[in-house]
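Let's start with one chain on its own, the form predicted on its own, as structure tokens.
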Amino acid sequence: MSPEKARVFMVDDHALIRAGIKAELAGSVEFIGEADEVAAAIEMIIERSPDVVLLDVHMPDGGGLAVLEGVVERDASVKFLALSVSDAAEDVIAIIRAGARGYVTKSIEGPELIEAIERTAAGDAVFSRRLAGFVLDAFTKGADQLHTTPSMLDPELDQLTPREIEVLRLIARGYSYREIATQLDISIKTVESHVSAVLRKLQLSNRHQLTNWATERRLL
């Protein structure tokens, strides 16, 4: 008898990404639902009790962290696997500390994602290789450091929305506007708007200054 497929619920605010993941994993897992906003996700996950919740980290209204916290306080047995464009240490640590079993980036290949889902369903901790180092480092630091995020330390960073921070990181890593648009599944015009907002809020003049600002704060 073949093993049962993992029952997966997907939370992501981009319809194209949800459709792509479902197409990629078709036949390997059983999708039992999806949601694109926090409140609906929490209610549907509690109602359907999936084996694994595939969770986007950066969404409106508190993002994946709000979904995770909202579910865990009602049913701590639900297993979460974060699937995010972000590979920033603070994102990884915040999600894991909130109760996720693993964290992988959206650059992951289909077969690897299937394996990650199956391992998460089985109770394993699953991380992309580079991200595992962030989690290990977290356990070697003091409690004060673990609970401190860049936004708590930097009032300037607090001005930015999660999406603006994502765009900021990608700009600082040398991505073109077109590459960022593809990575985040948004239009080039939207990328330009986010960059303009970031420059205005941080009182910077150009991309070079923005990259230096991000580098100084170890946001890369």
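Don't overthink the numbering: it's just position in the shown sequence, from 1. Rigid core here is just the name for the largest C-alpha set that superposes within 1.5 Å across the two forms. This is a predicted model, so every value here is computed, not measured.
From this point on, the text means the form predicted in complex with the DNA, which you will not see here.
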*Should Lys22 be counted as a contact of the DNA in the model of the complex, where contact means heavy atoms within 4.5 Å?*
no
*May I ask you to check whether Tyr177 falls inside a 4.5 Å heavy atom distance of the DNA in the model of the complex?*
yes
*Going by a heavy atom distance of 4.5 Å, is Pro162 a contact of the DNA in the model of the complex?*
yes
*Report yes if any heavy atom of Ser49 sits within 4.5 Å of a heavy atom of the DNA in the model of the complex; otherwise report no.*
no
*With the DNA left out of view, choose which of Glu192, Glu37, Glu43, Glu30 has a non-hydrogen atom within 4.5 angstroms of it in the model of the complex.*
Glu192
_Contact stretch among 22 to 30, 169 to 177, 63 to 71, 49 to 57 - heavy atom within 4.5 Å of the DNA in the model of the complex_ = 169 to 177
*Does anything in 26 to 54 come within 4.5 Å of the DNA in the model of the complex by heavy atoms, and if so which residues, in order?*
none
*Superpose the two forms on their rigid core, then report whether the C-alpha of Val29 is displaced by 2 angstroms or more between the shown form and the other one.*
no
